[in-house]
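What follows is a single chain, given as structure tokens, in the form predicted on its own.
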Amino acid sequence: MQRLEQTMRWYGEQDPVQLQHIAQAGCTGVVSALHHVPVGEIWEIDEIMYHKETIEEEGLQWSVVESLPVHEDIKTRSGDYLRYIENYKQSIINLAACDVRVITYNFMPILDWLRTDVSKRLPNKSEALLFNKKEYAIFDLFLLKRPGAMDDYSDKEIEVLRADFEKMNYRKRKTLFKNMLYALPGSDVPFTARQILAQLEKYKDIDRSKLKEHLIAFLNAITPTAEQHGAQLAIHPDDPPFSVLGLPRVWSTAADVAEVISAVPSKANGLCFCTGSFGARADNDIPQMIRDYGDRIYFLHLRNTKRDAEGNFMEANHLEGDTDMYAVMTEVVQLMQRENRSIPMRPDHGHKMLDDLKKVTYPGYSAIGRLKGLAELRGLEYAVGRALS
């Protein structure tokens, strides 16, 4: 019987979660990237092999690249985007030459992910990630002061939000500002307001339709290279899966998946299927999406979120939240048996707990919370497999 390939994300030699910890958790694979290479530059074979051999020395394998980042010039199809596309193709070739073939990326403008609180205290004193729409709007309107932001809200909404902002003390404002401009995964250099505002200017004439055209054009350029070299491209959903800072989102719904796969039918064009990102929208039927697009799922992020009526969402325990993880795992196990393949999977956005509360780690990527999630998912997979057999 085919089983999930259990992995964890590793940010490199500076990661406080070491490779031996990942091996001790029972994983056989690592999800990683060359975070030190500037976005848009070629991942050279020597650099890839050094990283791969470092992982293999601990008895693990580099199962998935997460992520090979897409330069903003490619997303806007401006500046030096043609050179960056050629660089991207060469990086795919080099990774495949080193037998690292599942390549994750995203097409989110400017920001990789967004949360208003990266250490939300839970009743049991552990910490979770939270997206609060009201606090997001306060940041947008009164901290970042995005041009055009006032047009996105009614006069009544602005009045209420301004009153809430004025009640915020300095510490709360500073924390919110820091959380919203958090560094990209693998980096400890946060964004600045000036950087964000400058990048937003580049997107002023790019709506959702135009950005999707750019994604399809990018895929048409790189999928022949991926096909030729046996690589599988796996796009991660938008996080959160709706517009933020006035920016378009193009990979948030089942309809987005259907449109892009239809436009670029190459088997190299696949999904990093994140149940947390897709699951933050109530209109996404996660088990049905697996049934519809399972043959294109090359990598799984299994996590859960809990939504409320206002559109806020928080990272839940892996087997709780709004996504029926039993139904998800049932579809995944059946998919693997039907296609006779193992799919790499990692637990995602674990709660910070126990001794990790005293450590500095990237939000969502402390060791113990992810280990708890991995253990729960491993047990669920075993139970589903037994039931189905």
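For every residue, the number given is its place in the sequence shown, counted from 1. Please read all numbers here as calculations on a predicted model, not as lab measurements.
This protein has a second form, the form predicted in complex with D-mannose (DNO), left out of what is shown; the following refers to that one.
Query raised in the report: Closest heavy atom of K352 to D-mannose (DNO) in the predicted bound form, within 4.5 Å or not?
Result: No, K352 is distant from the partner.
Requested in this report: Could you confirm whether E66 comes within 4.5 Å of D-mannose (DNO) in the predicted bound form, counting heavy atoms only?
Outcome: It does: once D-mannose (DNO) is placed as it appears in the predicted bound form, E66 has a heavy atom within 4.5 Å of it.
Query raised in the report: Though only this chain appears here, would W113 touch D-mannose (DNO) in the predicted bound form if you measure heavy atom gaps against 4.5 Å?
Result: The answer is yes: W113 has a heavy atom within 4.5 Å of D-mannose (DNO).
Query - Contact label in the predicted bound form: D348 to D-mannose (DNO), heavy atom within 4.5 Å - result: Because a heavy atom of D348 falls inside 4.5 Å of D-mannose (DNO) in the predicted bound form, the answer is yes.
Query - Contact residue in the predicted bound form, chosen from Y105, Y293, Y182, Y153 - any heavy atom within 4.5 Å of D-mannose (DNO) - result: Exactly one listed residue reaches within 4.5 Å, namely Y105.
**Report entry** All of R9, H236 and Y365 with a heavy atom within 4.5 Å of D-mannose (DNO) in the predicted bound form
**Finding:** Affirmative, all three are within 4.5 Å.
Requested in this report: Work out which of the listed stretches, 171-179, 204-212, 97-105, 142-150, brings a heavy atom within 4.5 angstroms of D-mannose (DNO) in the predicted bound form.
Outcome: After filtering at 4.5 Å, what remains is 97-105.
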